[in-house]
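Shown here is one chain on its own, the form predicted on its own, set out as structure tokens.
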């Protein structure tokens, strides 16, 4: 039998919900305060809020960095809210949701990476959540961090570090030899392919999200101009209303902001799993582990 939540439980729930919403509201306020007035169509990068002087080169604090931090705070708060109050023998709606997310992510990791990488579930879930929420910021008129190549390139470099780690897990000698598979003459191409992996991941994600934002702005601007041509003759304020801009931008937003953003997050997570699992020499690692165990047993017997 479920117990009624206590006052302290409700207070913590309220604080977590507020902590998830306040960063987005803060971003909207910053956007309003720092965005300069403009006329007509304008497609620009992330705003620069301020610059920190550094010895070699000044470090700008941009809209991408601030929005990424806000997304991390929001996602963390939502995770804490969903898992707050979970008990072994008490089932709640949020507990069912949390278990469903964990089961789906772990099933996806096992299906694409194998049993050895079963602990990768939280990492893949983080990629999915942060990437999707970053792209969905455009629904609030905010700059999506995934539209900044620097942000996505940072994710790709992290994935590249994981690929290199698991590829070299059998030792540096085996890692160098792997570039000569299946034929040593292909080593230059294998090296280029290794370097191209994070580059392709970054540009694929960044390009698809940015292109969606650009197309949406162009279509909305074109609809406004066409609406003024067709209905500008109407008297009073009616001539200033963008009739063609009602409804159509919302449909485009559903595709470019919601569907495409979530799709790119899923693709990035899938590529991460496939590249990391594909770089892992499972048979050679198992053989090395077996030889090490035999050597350890032999030393113990002697």
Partner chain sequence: MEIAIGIILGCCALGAGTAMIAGIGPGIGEGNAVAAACQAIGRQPESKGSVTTTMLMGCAIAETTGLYALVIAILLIFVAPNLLVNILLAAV
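Numbering follows the first chain given and starts at 1. Here the structure is a predicted model, which means the values were calculated and not measured.
This protein has a second form, the form predicted together with the partner chain, left out of what is shown; the following refers to that one.
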| query | finding |
| --- | --- |
| Close approach of residue 266 to the partner chain in the predicted complex, 4.5 Å, heavy atom | yes |
| Residue 207, heavy atom within 4.5 angstroms of the partner chain in the predicted complex | yes |
| Contact flag, residue 76 vs the partner chain in the predicted complex, heavy atom cut 4.5 Å | no |
| Contact flag, residue 47 vs the partner chain in the predicted complex, heavy atom cut 4.5 Å | no |
| Contact stretch among 210-218, 131-139, 98-106, 165-173 - heavy atom within 4.5 Å of the partner chain in the predicted complex | 210-218 |
| In the predicted complex, the residue from 126, 92, 228, 200 that sits within 4.5 Å of the partner chain by heavy atoms | 200 |
| Contacting member of 270, 252, 30, 69, with respect to the partner chain in the predicted complex [4.5 Å, heavy atom] | 270 |
